[in-house]
Ligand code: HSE
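Take a look at this single chain, the form predicted on its own, given in structure tokens.
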Amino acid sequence: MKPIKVGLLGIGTVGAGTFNVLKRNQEEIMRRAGRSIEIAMVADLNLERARELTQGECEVVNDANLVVSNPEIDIVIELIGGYGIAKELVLKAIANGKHVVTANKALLATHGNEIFAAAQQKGVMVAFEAAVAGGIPIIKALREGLTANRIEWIAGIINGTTNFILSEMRDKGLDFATVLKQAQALGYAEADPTFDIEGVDAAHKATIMAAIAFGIPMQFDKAHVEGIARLEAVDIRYAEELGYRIKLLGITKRTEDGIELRVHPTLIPEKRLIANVEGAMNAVLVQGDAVGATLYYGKGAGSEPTASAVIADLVDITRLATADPEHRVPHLAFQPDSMSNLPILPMSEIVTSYYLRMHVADRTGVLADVTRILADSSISIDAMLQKEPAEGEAKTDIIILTHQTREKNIVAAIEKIQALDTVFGAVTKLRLEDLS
């Protein structure tokens, strides 16, 4: 049987890993796929580097359009990234009848609905295991392994940069800015780390997982996105005293009223496995009604871990390339005509527990005023920590953990607490998830 011919767009970190792993494990991959998979063309603006990496084993061009329009190419791997030219090339590849493999979470989260519709109409596949959590096969698990389940919720540490920063802040007691500089020096954070530290990267991935878990369209624009740049070391320390770790979580939940889709720093009980995921590692916790909780852990980025997911997609497409399109696994797990119109809930309607830290005057009656405001808002207290003031100080910190309440209720209560003349500055609010 003739080999599957692959065109690779972009031979950077992941592209080079894909080329090398495919070459190194060619025999094993062929035994699994049933036929040989060969990278026949590579497109990259840096021709010299691309030729050096491929060592004359395939055609190298600097115009990606030559790859997506080549009739000999069966599958196009898009590793360029971004929303612009990548979208144009993916849609052109689909229009030319080629299957697509991509690691581009930003593209799928924002334009996935259009891309999947085009692929459905043309009868080709778009595979994207590498778009979420690198080498962890979470897309495969959600689309196929857990298909018998009604997924209830997903909570994931899905950005290695922010997890590294939070781990270092906790271990060493350092502030955010100091650890960010360390992360950049070590190569864990980009020179411009905005997408990571502001939660955008995690929100792209959470959007994709929500679509697959609940059979809804991609709706990145409705996700609540909150990063870690304003997180203070003191809150990490207080959380630890109360038995919690703070992680940047991508969370999506099915509720009676709709779907929650949110990314933000979150307190997790330290006894949970996911709370102990440290450094640049990723982990995704999925709750299904039949299977219960399942945890997926591993490297969420890097050359060969991500290449592992890219090549798994190549093998899947190779196995199914000749199958009737109607009998392939749907892009978003559910049949296209059976997608749900469940709404994404606004953040004001989210129900969860909260961590509140307030800087107050060290005098009688302050705590009574705060607890009265919470009680008037039907917010009950789960735990409380009152710190001794420093010597010579007349102010101290009060930390309160609440039971579950609606976001708009806690926001209204905080406004009233901040209006007290015994409370100084803004009240710090973090969300808390038990994940049980």
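Quick caveat, the model's predicted, so the values are computed rather than measured. Just count from 1 along the sequence shown to find any residue number.
There is another form of the same protein, the form predicted together with the ligand; it is not shown, and what comes next is about it.
Considering the ligand in the predicted bound form, the lone stretch of 74-82, 267-275, 216-224, 197-205 in range is 197-205 [heavy atom distance within 4.5 Å].
For the options Thr161, Thr252, Thr318, Asn104, the one in contact with the ligand in the predicted bound form, meaning a heavy atom within 4.5 Å, is Thr161. Of the residues Ala118, Ala301, Leu174, Leu146, just one reaches the ligand in the predicted bound form with a heavy atom at 4.5 Å or closer; this is Ala301.
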